[in-house]
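Both blocks below hold the same protein chain, though in two forms, and each is given as structure tokens: structure 1 and structure 2.
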Structure 1
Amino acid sequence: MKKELKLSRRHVIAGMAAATAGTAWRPVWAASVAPITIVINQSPWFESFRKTVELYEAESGNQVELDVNPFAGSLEKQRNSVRAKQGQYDILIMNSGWFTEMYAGGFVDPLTDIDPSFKLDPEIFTLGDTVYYNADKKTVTADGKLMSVPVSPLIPMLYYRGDLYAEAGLKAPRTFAELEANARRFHEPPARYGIVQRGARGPHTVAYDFYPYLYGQGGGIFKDQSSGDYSVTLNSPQGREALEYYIRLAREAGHPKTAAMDQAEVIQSMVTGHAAHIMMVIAAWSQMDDPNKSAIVDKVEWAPTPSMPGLPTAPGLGHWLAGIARNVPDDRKRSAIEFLRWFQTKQAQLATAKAGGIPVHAGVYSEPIADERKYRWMKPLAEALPHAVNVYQFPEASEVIAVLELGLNRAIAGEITAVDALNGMADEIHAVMEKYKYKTAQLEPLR
């Protein structure tokens, strides 16, 4: 019995020695840095990311594994990994909905802590400064440390029917008044609706659709998050103007079932030719010109979402950022940095664009590719990106989103008035902020 045990121990030691020898040998013939794993979600832009990663592998000889998940599953797998003792994933592709959770929880390392020489290319869009986090002040502001590199700069754009506009001799609408006039003009229900809005209640559905209206009319949800003032300003006169405008558009130039329309159905209305305008995340662009998916090939044009005269366009961010997990070995963190260093170059971003992706490097938008018909969304997007709004700067935002989803949906469905909805939501959001001990206050209720 004892003899056997000894023997097996010796075997183990021999095996371990062999294994060590194996690893010691590896760099001679294999990758120059440790292989890394990236967790990402499936999406229309994933294919371009995959091709870009393949290009990196071919150029550098380093290995990158992609764990591709359904959209709803990506956050779950990231949370599981970063909360374990040792993480599975080196690079997390984080959505605007959860990057603050990862920053504030200490789950991703500042990039400059891993490699002090790492610098963000000055032409990379910083997207409402969401790549930075100030841990002391707990704010997402440029005075913080660099936490991530943008991967996909998604924001909503106005999709409109260029063919109808050309026929009527119109130009792309810049203001809400123009949008309303044009939507009414093209409103011929049930064959075609002037605009189709995304009014359904969902994970982040009607609220996300509402931000360009809210911020474009000069409203907002909080007073000044960057300085730590979370006073609720949702029920301001501007907020009321925005919501009443949204509802008027829905009732008088929109889909009769706006309160039930989700993202897929809004896109469906557009590609089947039943909508003259939609406001939709730019990621859906490739479906518009695909004859297998669209009955309006080559007819859609893009513009920044409208705003009030004197105010800039104000699309809400729905972007993706790449951060490096805290709980992985140092050599893998360094490999991950190498990948990000390469990924943010203009050359890599141009490759992304050519593969159908949406580049995060401003330089790409002035390349010849941006003049191609196929990429006609690039110029308006580049115009809008510097104005993109980071709607939430705190990790508990999903509770606020849940309040907005329900309140806005009920107002659009006509269950309650816009004023009651705004006052009610402001009350609830205020309670949420108070619960988590943020500095907050309330406006006088609207009447």
Structure 2
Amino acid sequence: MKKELKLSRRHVIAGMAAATAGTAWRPVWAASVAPITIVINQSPWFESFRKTVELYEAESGNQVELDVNPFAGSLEKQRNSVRAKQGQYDILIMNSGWFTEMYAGGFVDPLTDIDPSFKLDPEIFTLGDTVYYNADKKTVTADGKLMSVPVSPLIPMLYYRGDLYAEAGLKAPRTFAELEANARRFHEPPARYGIVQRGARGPHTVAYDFYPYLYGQGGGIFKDQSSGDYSVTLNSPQGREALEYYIRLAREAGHPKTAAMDQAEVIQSMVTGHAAHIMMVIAAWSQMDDPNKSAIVDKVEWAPTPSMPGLPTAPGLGHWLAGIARNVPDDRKRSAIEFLRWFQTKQAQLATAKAGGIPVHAGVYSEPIADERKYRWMKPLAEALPHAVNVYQFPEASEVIAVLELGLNRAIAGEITAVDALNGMADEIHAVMEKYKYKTAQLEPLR
């Protein structure tokens, strides 16, 4: 790879030395290590990761190959690789929807089993302690082994037109009622929609965008995963309010083809000036001010996703974690450890931010960069991250996600009512949990 970040070797080494003073970290360029291959998805944050990898290669002299795939293709390749006699991929970039599958299946090695001296930087976001796994309890918990290093702490944020808000004398909405009122106010179709939402069915598409509404209303999918209680609560009154609200926004202040809208279309609506609000993963932030892509440069602001009065913002984690495959040679495992050791440093994460990515190191959010206009999303994100919800803590999550994708899409398209969708999805999710012998139960159907 060619180095694209224009940071001198002297600058990077000096910065890393300062950022990691007092730790056990040592420069990776002190010794050559075996080449490694990372399997990763194509996403809005991929370019920043690629540039960070190129910086690592330039400073260390070590080689990293990136195998880039669509979301579903990345998962398929990971599943095939970890089940082979010898894996093709050394580092697996795992999504929130399937990392537990990799942990529970024994497909990734605990990092400290590879190198007992490896430690997670104390300022790295652990994202609901999802970097750990306790095999005895079969859940993610801080008393488990360190399994991964966060790569991208993705959560959805509210993107809104700051220029429109300034003209109207409005403040960023904190509640769902405020968001709806403001979306209606700025709804001038077809020139501009009050809000554009994602409604298309995919591998983890409409469900992911629905989570802030569901949890922000005080609802949820399960009663208490951390304690092993997988009673299905999706079709609660709070779940009904959340879905009916989502549909109402789409029909009365949103895009007429919401059920067909995927991430790219939602982002495009915003950057072309055809949306006053979107609720989108923070990874798309850099596109808003890119003059080659955006007609609204410097006009977008960010805020935590709204919630009901008295409840905190509750965005669902859609984050990515880097784990090391168990079925690869030991020299490649050690090479992977060296990359992760470097990647988690404050200076590497600062470079990630400057490349358009989302840093996983809390210290970056208190750097002067966070006060720059270009990075105005950083402080709202830092406010929201502690409230992010880890939606799934079990390895069969992909089956539940598939149920949600179909049911939510059909409800948004108007094929079935919100009540029928919620009751039907709850029945199917309950059947999934029963099939895998989890402790589960159901609510009475909504009427």
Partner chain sequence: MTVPAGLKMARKHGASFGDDRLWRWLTFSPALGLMLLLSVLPLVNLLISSFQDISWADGSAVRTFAGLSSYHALAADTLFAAGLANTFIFAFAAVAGQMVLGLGLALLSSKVTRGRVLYRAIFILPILIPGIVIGAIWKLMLNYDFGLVNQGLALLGIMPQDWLGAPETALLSVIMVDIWHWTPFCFLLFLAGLESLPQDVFEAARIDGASAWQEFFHVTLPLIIPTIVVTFAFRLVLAFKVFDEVYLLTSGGPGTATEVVSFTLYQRFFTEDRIGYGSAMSIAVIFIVSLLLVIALSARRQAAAS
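Basically, rigid core = biggest C-alpha set you can superpose within 1.5 Å across the two forms. A quick note: this is a predicted structure, and the numbers were derived from the prediction, not measured. Numbering runs along the sequence of structure 1, starting at 1.
Shown as structure 2 is the form predicted on its own, with the alternative form given as structure 1. After superposition on the rigid core, displacement of the C-alpha of L406 between the two structures stays below 2 Å. Annotation for A168: C-alpha shift under 2 angstroms between the two structures, rigid core superposed. Superposed on the core, the two forms differ at V39: its CA moves 2 Å or more between the two structures. Relative to the superposed core, R79 has its Cα moved 3.1 Å between the two structures. For F118, the Cα deviation between the two structures after core superposition amounts to 4.0 Å.
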